[in-house]
Structures are given as structure tokens and as C-alpha cells.
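Given as C-alpha cells, the chain that follows is alone and in the form predicted alone.
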């Protein structure tokens, strides 16, 4: 296989060791090579314009930025962009956000080398790639009710330990309104109290412990 026909891969991750590890795996393959490495969103856009990679390996959480936002910006500017998100987060909402932003696939950073290179080849061919079991889990999740923006805000504040009165003060609503939102939130998450709601929200990727 000639060098010109190799799959051109760009990595976007703010951890240098992660980029080095991915580059080592990719560059060992006869049919692919790393052509660029970015540590931030602006740099990713700049390098994409310069190198026109076939596949972008995108971290979901970058320092001060969101991989989903960068993915959306890339796909908006380049309709043919093929993005594979690689993240430590395995919550349904994280995966939903990545795919909604335009990513064709999602992998966990615990992925073995063979699956990583297989996923790159699938994404390069324009096919979606998700780990085993994730597609079924997402289908089940999509069949449930989605959270509103206000419910997302309340979940984030619950994770910080705010009580009803404090929630109302921050959001500019009454305690009764807060209780109404909490009732809806508990129903959608299928939980019965605040602690359960936070645990379930973290499991599903609505909030994270940073």
C-alpha cells in the first residue's frame, strides 16, 4: 500500500501522553498514519483545514472546551468530516451529544488496539462504529423522555448539593416551581429522591464528577 493511499488520521486531545499512545498504534498500521495532533479546539480547526485528514479522533472533554462543540464546528465547515470520539465517559448522554454533534462513532479510552484500528477503518468508510452493547443501550435510552434545559440545570445544581430554596434563588423561580421540576426529573430518571437522581445522572452522563 502506498503512502498516499494511507488513511490520514488527526488526534485531538489535551493530554500529550494520550496523543503519543494513539500515534504509536496508528503509525504501526500499514494502511494509516497520523498527519496532525491538536490539543485544543481552535488548533483542531486550523490543522484540519491544513491537512484535510480522513478521520479525526476527538476527545470529548478538553481543557476549557467540549469535543462535541468542536465536532459540530468541524462538521458544519466540512460536510465530509469523519469524527470518532474517544472518551473516558460512558454515559448515554455523552454518547448522544457526540453523535448529535456529527460524530460517526464513539469509543472508550479503555479500548484495545485492534478495536481502535478497526473503528478507524469503519469511520473512514463512512460507517458508524459503537462498542458492543452500546447501540442497544442507546436505543433503549432514546425511547425514554428527554430532559428539558431547565431539568439539566437543576441536575447540575443538585450535583453541587443545593437545596430547594437555594435552587429557586439561583434559577429565579419559587420553591413550588422547583418541586414541580424535581418531580418531573425524578419520573424521567426513574428515581425517588435527590441522591438517586444525582447517581443516575452521573451514570448516564448528564453530569460528571470532575
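For clarity, every value in this text was computed on a predicted model and none was experimentally measured. Numbering follows the first chain given and starts at 1.
One more form of this protein exists, namely the form predicted in complex with a further copy of the same chain; it is left out here, but the text below deals with it.
Visitor: Just one of 112, 76, 100, 125 has a heavy atom within 4.5 angstroms of a further copy of the same chain in the predicted complex, so which one?
Guide: Only one option qualifies, and that one is 112.
Visitor: Heavy atoms, 4.5 Å, a further copy of the same chain in the predicted complex: which of 46-54, 22-30, 168-176, 65-73 makes the cut? Say which one.
Guide: Checking each option against the 4.5 Å cut-off leaves 22-30.
Visitor: Quick one: 18, 161 and 203 and a further copy of the same chain in the predicted complex, is every residue within 4.5 Å by at least one heavy atom?
Guide: Checked in the predicted complex: all three residues contact a further copy of the same chain.
Visitor: Though only this chain appears here, would residue 207 touch a further copy of the same chain in the predicted complex if you measure heavy atom gaps against 4.5 Å?
Guide: Judged by the heavy-atom cut-off of 4.5 Å, residue 207 is in contact with a further copy of the same chain in the predicted complex.
Visitor: Taking the shortest heavy atom distance, is residue 116 within 4.5 Å of a further copy of the same chain in the predicted complex?
Guide: Taking the distances in the predicted complex, the answer for residue 116 is yes, it comes within 4.5 Å of a further copy of the same chain.
Visitor: Does at least one non-hydrogen atom of residue 39 fall within 4.5 angstroms of a further copy of the same chain in the predicted complex?
Guide: Answer no; every heavy atom of residue 39 is more than 4.5 Å from a further copy of the same chain in the predicted complex.
Visitor: Going by a heavy atom distance of 4.5 Å, is residue 189 a contact of a further copy of the same chain in the predicted complex?
Guide: Residue-level check for residue 189: no, no contact with a further copy of the same chain.
Visitor: Is any part of 180-197 within 4.5 angstroms of a further copy of the same chain in the predicted complex by a non-hydrogen atom, and which residues would that be?
Guide: The stretch 180-197, when checked against a further copy of the same chain in the predicted complex, contributes 192, 193, 194, 195, 196 at the 4.5 Å heavy-atom cut-off.
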